[in-house]
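A single chain, nothing else alongside it, follows as structure tokens in the form predicted on its own.
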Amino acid sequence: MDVFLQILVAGFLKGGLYALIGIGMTLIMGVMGIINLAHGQLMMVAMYVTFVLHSFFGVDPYLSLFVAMPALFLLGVVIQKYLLNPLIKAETILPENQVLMTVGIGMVLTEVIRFIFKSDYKSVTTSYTGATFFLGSISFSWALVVAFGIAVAFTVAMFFFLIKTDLGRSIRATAQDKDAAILMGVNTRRITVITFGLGTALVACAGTLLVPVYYVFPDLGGPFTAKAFIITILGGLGSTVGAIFGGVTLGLAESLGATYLGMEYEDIVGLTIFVLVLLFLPGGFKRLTKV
């Protein structure tokens, strides 16, 4: 029983970070109607920003949030304004071409980082990287607990922003009905730029929080883009609440699979759940929660 509880704790903590990754992709999906297939690569860039700040300037990884998130927000704004928006203006180009553009952006980011830092694995070691504490017989990683707490804080702040602020309401209106939002005077072009920046900042936050407990290397973007896509489908396209359930579900599934089947099956379990949801619950958790 203790082993099972330990697995649930580890999966839940990891799932909290996955949820933050999923919310970022869900925001972009809801407003723009496309899947950002450079999502994981943008997270990877944030992880390298954190690595550089720690290695060369001694900045704590969690304090790096104050640099990585604004930096990636600006990068997201530039990508949306100068690379994706021009495709929207061209009426003869299908929306799928925006998705293809994000694929190309992801490849470019990966190769630029590889050119600068090479392909070897890098890590950030802090005083709390391997630190644990116990509640009864269940051990908790300090790094994961702190990261989970910060992820929850940013998730709550994002919900408050979307519900209570005029800009947040404009984002929700654009996601629900873009044409109606335009008729109500919402500058949807500006909203798409800001939303892409916010989604990028959220995944940057998740990447920075993962740095103390995860290796950093140029090709990690692909697997995390896949995880973000799985979370988005599990939660239901465009549902921020569903993204939370999807992230936690994926975290728990990976922990259970890694423990009872083997580490090599960790990703297979998540992909299997993904296929089953597409077959039997196409709307994801959104269909159940109606949110």
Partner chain sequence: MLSIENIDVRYGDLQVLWGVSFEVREREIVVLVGANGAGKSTTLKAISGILKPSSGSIRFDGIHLDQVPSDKVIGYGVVHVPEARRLFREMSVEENLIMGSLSRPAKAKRKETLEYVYGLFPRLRERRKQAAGTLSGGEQQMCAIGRGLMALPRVLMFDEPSLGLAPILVQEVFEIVKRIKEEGVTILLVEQNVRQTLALCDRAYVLENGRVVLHGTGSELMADGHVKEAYLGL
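Positions refer to the first chain, counted from 1. Computed from a prediction, not measured in an experiment: that's the story for all the values here.
One more form of this protein should be noted, the form predicted in complex with its partner chain, which is absent from this view; the next part is about it.
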Check your understanding: Out of 74, 135, 157, 180, which one falls within 4.5 Å of its partner chain in the predicted complex, going by heavy atoms?
Key -> 180
Check your understanding: Looking at 120 to 128, 135 to 143, 158 to 166, 192 to 200, which lies within 4.5 angstroms of its partner chain in the predicted complex, counting heavy atoms?
Key -> 158 to 166
Point to revise | Touches its partner chain in the predicted complex: residue 170 (any heavy atom, 4.5 Å) | key: yes
Check your understanding: Is there a heavy atom of residue 186 no more than 4.5 Å from a heavy atom of its partner chain in the predicted complex?
Key -> yes
